[in-house]
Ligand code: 13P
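Let's start with one chain on its own, the form predicted on its own, as structure tokens.
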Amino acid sequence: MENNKLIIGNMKMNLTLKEVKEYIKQIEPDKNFYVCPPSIYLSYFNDSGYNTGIQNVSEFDMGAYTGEISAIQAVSMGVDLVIIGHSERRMYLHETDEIINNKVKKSLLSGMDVILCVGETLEEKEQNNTKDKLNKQLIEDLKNLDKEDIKYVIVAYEPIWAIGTGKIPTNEEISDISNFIKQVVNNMYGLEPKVLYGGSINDTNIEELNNIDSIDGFLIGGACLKPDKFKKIIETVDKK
């Protein structure tokens, strides 16, 4: 049976142009994964045949917003999907649920698929508030959409305490949260979204994580920057 799990590589603010050119030589494009490079490198990946996403878009269409990139512009570059609501943007750039909701709407209207990131802090986890936090994020970030829009929304569960720390939830915890996310969105719109897991995924733990049947793929940070490790992750996911 063909694997349908989605693999997204979020390169964040990494790699120089020289490194990008070397990267493209080392890893072949594949229909089962997307790369989300810094936006200034998108054309290099697009021209090399990769499926590409963008790490962020503006909540506005066009205009005097220096340094911003609109969803319309991203689509015109051949971009297929966008990451919205990543915890780094929520924390460091103070993006609110209202801003994220606006970005979701603009992206869907432009024709892009949306990867909506949600997740809890370590403090929220320790206080058993994970589901309350995720419920609030999902309701606020996905409000006032059409039912048809949900077909193009993928939710990425990224516990903030697991990003780049080497710590990850158990398979049972991830499965439980994935099912919870699907239930919340299904209660809102009558459709279950695909759910990805992200947070400290690497080439040594991917085989175990890949056994979680309730998740539909992975959002990968640091490990996607190294072609040999990323290829191993892709091959492991594809094998099942």
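Keep in mind that what you see is a predicted model, and the values were worked out from it rather than measured. A residue's number is simply how far along the shown sequence it sits, counting from 1.
This next part talks about the form predicted in complex with this ligand, which is not shown.
**Student:** Would you please decide whether residue 12 lies within 4.5 angstroms of this ligand in the predicted complex, comparing each non-hydrogen atom pair?
**Tutor:** Taking the distances in the predicted complex, the answer for residue 12 is yes, it comes within 4.5 Å of this ligand.
**Student:** Using 4.5 Å between non-hydrogen atoms, is residue 37 touching this ligand in the predicted complex?
**Tutor:** Judged by the heavy-atom cut-off of 4.5 Å, residue 37 is well away from this ligand in the predicted complex.
**Student:** Is residue 200 close to this ligand in the predicted complex, meaning a heavy atom pair under 4.5 Å apart or at it?
**Tutor:** Yes, residue 200 is a contact residue.
**Student:** I'd like to check something about residue 217: if you look in the predicted complex, is any of its heavy atoms closer than or equal to 4.5 Å to a heavy atom of this ligand?
**Tutor:** Residue 217: no contact with this ligand in the predicted complex.
**Student:** Pick from 162, 100, 154, 134: which residue has any heavy atom within 4.5 angstroms of this ligand in the predicted complex?
**Tutor:** The residue from 162, 100, 154, 134 that makes the contact is 162.
**Student:** Spot the stretch among 140-148, 119-127, 71-79, 154-162 with residues whose non-hydrogen atoms come within 4.5 Å of this ligand in the predicted complex.
**Tutor:** Careful reading of the contacts points to 154-162.
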